[in-house]
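Given next, in structure tokens, is a single chain: the form predicted on its own.
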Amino acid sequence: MIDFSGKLVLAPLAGVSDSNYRLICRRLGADITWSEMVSADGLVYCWEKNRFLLDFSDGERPLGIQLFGSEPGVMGRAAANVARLAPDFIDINFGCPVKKVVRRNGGSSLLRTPELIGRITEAVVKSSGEVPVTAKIRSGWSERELNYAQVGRILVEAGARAVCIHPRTRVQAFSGKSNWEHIAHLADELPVPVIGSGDIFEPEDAVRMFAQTGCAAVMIGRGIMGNPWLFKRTRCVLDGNPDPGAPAERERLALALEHARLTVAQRGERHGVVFMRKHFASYTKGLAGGAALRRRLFEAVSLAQVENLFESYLDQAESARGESDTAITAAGCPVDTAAGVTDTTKSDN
């Protein structure tokens, strides 16, 4: 079984945590990765169409493949197919709040039927052979239906080897604050590793989650979208070293371009560049003039266009900083490079 103790893990993010992004996050400090959420129905009934969602390389390990579905038999068959690919573990999604998943009685919809959660987990464990099974849940369907502790016990009794909790309800979706007390309660209740998730956007957030909840590992989701350096920064702080801080513009856009090249190699140029638009939006969030850059990136259909846009943006940004420094010097003030950078990198969001 995977050792989750003290680990930082990449959340399963639909449309984001594909093989390319998992490789990037591993290189930048993620200890364990999760695949995107994969439909069990899709794998059982349309294997060839959905098989690409399971592609991974050894560089992404330790890796879990996450499945969702509502029929124990179908989930078992899908798990058997996945197990043949030898991931490090198979995860079951009982937490997704997205309407199209909930309408099919998948994800967090199943929190209303704990008995069915138990049967699904038993079917997946039985079909997975030597591959360990984990599960991801939410606190409950609503504030009136907080049953995470009950569901956690059912999961362990059914054979789950670790449980991840995002301590919001399905009704909350991603609004409000996650309730870390639920993570602490579950960690006290269960004899298996509990992974905490929710509201990790800075290294100090992960430090506090470990300290306040006693969780075995911290899962980072929305906080790493366009910001995989958060893993590296968080590991530095956890190890007692200074936070190296967010990367400069050039490093950020260099990684965005590397990510685009990987995606184009996988999906073809036009499709790959279009697919990258959501990632470009994340990579450029907070950059000075980022809104204007994004508008032009969203019109790009080739790598050459993306490269030219990035280089043009960086040239203009460096020129603007140089003009700012010159103006300060002419006014008889000492040049403060840090202040100049700060002034030109205000968020446009």
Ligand SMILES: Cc1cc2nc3c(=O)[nH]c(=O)nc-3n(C[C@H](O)[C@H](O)[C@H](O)COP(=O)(O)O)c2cc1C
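Position 1 is the first residue in the sequence shown; the rest follow in order. Just so you know, these numbers come straight off a predicted model, no measurement behind them.
Below, we refer to the form predicted together with this ligand, which is not included among the displayed structures.
Novice: Which is the contacting stretch out of 150-158, 113-121, 78-86, 214-222, given heavy atoms within 4.5 Å of this ligand in the model of the complex?
Specialist: Within 4.5 Å of the partner lies stretch 214-222.
Novice: Would you mind picking the one in V125, A260, I200, L253 that has a heavy atom within 4.5 Å of this ligand in the model of the complex?
Specialist: Exactly one listed residue reaches within 4.5 Å, namely I200.
Novice: Would L287 count as a contact of this ligand in the model of the complex, using a 4.5 angstroms cut-off between non-hydrogen atoms?
Specialist: No - in the model of the complex, heavy atoms of L287 and this ligand never come within 4.5 Å of each other.
Novice: How about I24 - does it come within 4.5 Å of this ligand in the model of the complex, if we only consider non-hydrogen atoms?
Specialist: It does not: once this ligand is placed as it appears in the model of the complex, I24 has no heavy atom within 4.5 Å of it.
Novice: Closest heavy atom of T234 to this ligand in the model of the complex, within 4.5 Å or not?
Specialist: No - in the model of the complex, heavy atoms of T234 and this ligand never come within 4.5 Å of each other.
Novice: Does any heavy atom of N93 come within 4.5 Å of a heavy atom of this ligand in the model of the complex?
Specialist: The answer is yes: N93 has a heavy atom within 4.5 Å of this ligand.
Novice: Quick one: name the residues from 128-152 with any non-hydrogen atom within 4.5 angstroms of this ligand in the model of the complex.
Specialist: Heavy-atom contacts to this ligand in the model of the complex: only K136.
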